[in-house]
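Presented as structure tokens, the chain that follows is alone, the form predicted alone.
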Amino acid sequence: MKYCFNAAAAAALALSIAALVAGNPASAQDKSPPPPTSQTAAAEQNWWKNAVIYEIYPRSFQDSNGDGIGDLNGIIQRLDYLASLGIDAIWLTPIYPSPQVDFGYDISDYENIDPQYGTLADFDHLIAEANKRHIRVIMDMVMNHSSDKHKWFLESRSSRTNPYRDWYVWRDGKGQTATDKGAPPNNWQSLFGHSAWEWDQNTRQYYYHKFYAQQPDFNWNNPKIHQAFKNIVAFWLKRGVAGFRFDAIITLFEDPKLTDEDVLKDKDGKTFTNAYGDISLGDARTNNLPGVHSVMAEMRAAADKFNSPKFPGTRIFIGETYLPNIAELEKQYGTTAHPEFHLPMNTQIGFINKLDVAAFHAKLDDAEQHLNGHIPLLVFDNHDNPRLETRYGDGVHDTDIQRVVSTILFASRGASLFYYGDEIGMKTTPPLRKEDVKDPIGVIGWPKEKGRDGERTPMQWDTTANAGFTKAGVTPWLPVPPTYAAVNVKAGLTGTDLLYGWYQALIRLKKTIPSLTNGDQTMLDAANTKVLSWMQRAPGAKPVVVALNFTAEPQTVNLSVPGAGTGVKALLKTPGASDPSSLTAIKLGPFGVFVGEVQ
């Protein structure tokens, strides 16, 4: 592999490539990276501060039983691959029993495994095998809503006097009479289109759903909900999970007065519609209300009690936190007395969605200067958004651009979260016809909204039938994109100039170079509108500089810093690039990357 960081290339080539691609744990040579040099209690407690976390969409990762749907045993088959990549933890999107209206985010039982994915015994086996490879398992926790098939909601909608009635949000209609249901209680909209209120004929009231009608919202003003979820969290912590990613967490509460949302208007003062044909509204009455903080402080306090010698290390809380500014993100960490999330997602960086040097400079500086010393969690991609090449690529330099983006992800201070397939450059492949859409939002919003199928296609392992995701002759739950012939793990492991080696090299640097592991970050060359640059520096360690060309034209930058010297040793650079002789003249090709250690 043509990367400057030869240790990573050597490690990759030392692996039994055939075993990794085939998913055969018994045959792989180097099952895991070396364990940390110090297995001290402090190291275990702080594992998350420089963590590399890999999101797995289980339906699409590996099918082990030939039903066309990925499963837990399939993930187990691929653990050696994940260990070779150098990750610290995997986050699994929901694997609980579910009617699968929202592919697992409509949960009907929080303390079991959906048979499509396996059993609790399979889950325990996954935990055990992952732990052998120094990989932690993080569960998805959905506290905003359940499935309408959950026993709690079935009880709740059975009568107005049922003890579970106030576990959910029920209201009379506007202008409702004994014979007329009236209008929905207000103008609130579902995030997935149309009214957020669903009429229930049996009890003659509306219930609130921020998402699909089959996902009724919990009433978090009810203390019984709090206790129920503390019990659920405890159930999984006792099974050895390393923590939770909390889905849609800032939507837990709604305005108790049911005030209408504001109608949004364009610059000319005119209203406009969204992809579902609805008048566009704000979300101030149903999003990021203050009650979320007390709930998360309460959950965190309960979870912190479960650290134990059997499962050492901090159990972490990750938040799905799409927020408007750094001040709101900082609140999600909580206070010293009442901590909340260890790692709320800093989506303000990863979802800028254009290569804008000034925007990235400002947002990275925000993460360093305005989080009160907390650890940032950077994320550029997930199962709800088009993949990287769609949001950042130009159709010509996509691989080079993904090197640029991934360098921001892994060479910045803090923890890093990325999505399965990013490491080989998987592409968004949306359905071409409405009749092929699986994601309901694509059915509702077609053709403006095609749904999320395009970013959830099966993992592309090799060039065999179905890209190695499932057996030949089996129809996968989503089609395997035709790009699999060239873009697959086997090609990434054996080829040159491909993304897999770049990801592996970056992750190794993140784990082994002190200034990248725990250094402070200082933005450089602030006036430059074409190259994004910064320095990472840890006490007693050599500083590291990073330079990223955001353009298709060659650039030269001067990254010399007073008192730091001008000598530089290349740690990682774009394939084919030459080593700079000095920090005063670092040459970058189109969308070129340079990571170097100051001498």
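Note that residue numbering begins at 1 and tracks the sequence as displayed. Worth saying up front: this structure is predicted, and the values here are computed from it rather than measured.
Below: the form predicted in complex with 1-deoxynojirimycin, not depicted.
K.L.:
Is there a non-hydrogen atom of residue 146 within 4.5 angstroms of a non-hydrogen atom of 1-deoxynojirimycin in the predicted complex?
P.N.:
Flag for residue 146 set to no.
K.L.:
Verify the contact flag for residue 215: yes if a non-hydrogen atom of it lies within 4.5 Å of a non-hydrogen atom of 1-deoxynojirimycin in the predicted complex, no if not.
P.N.:
Within the cut-off, so yes.
K.L.:
Taking 4.5 angstroms as the cut-off for heavy atoms, does residue 220 touch 1-deoxynojirimycin in the predicted complex?
P.N.:
No, residue 220 stays farther than 4.5 Å from 1-deoxynojirimycin in the predicted complex.
K.L.:
Tell me, yes or no, whether residue 383 is in contact with 1-deoxynojirimycin in the predicted complex, where a contact means a heavy atom of each within 4.5 Å.
P.N.:
Output for residue 383 is yes: heavy atoms within 4.5 Å of 1-deoxynojirimycin.
K.L.:
Work out which of 418, 211, 503, 197 lies within 4.5 Å of 1-deoxynojirimycin in the predicted complex, going by heavy atoms.
P.N.:
Residue within 4.5 Å of the partner: 211.
K.L.:
Only one of 134, 452, 342, 413 has a non-hydrogen atom within 4.5 angstroms of 1-deoxynojirimycin in the predicted complex; which is it?
P.N.:
None of the others qualify; the residue that does is 452.
K.L.:
Based on heavy atom distances of 4.5 Å or less, which listed stretch (247 to 255, 362 to 370, 462 to 470, 393 to 401) is in contact with 1-deoxynojirimycin in the predicted complex?
P.N.:
Of the stretches listed, the one contacting the partner is 247 to 255.
K.L.:
Would you give me the residues of 175 to 206 that have any heavy atom within 4.5 Å of 1-deoxynojirimycin in the predicted complex, in order from first to last?
P.N.:
The one in contact is 192.
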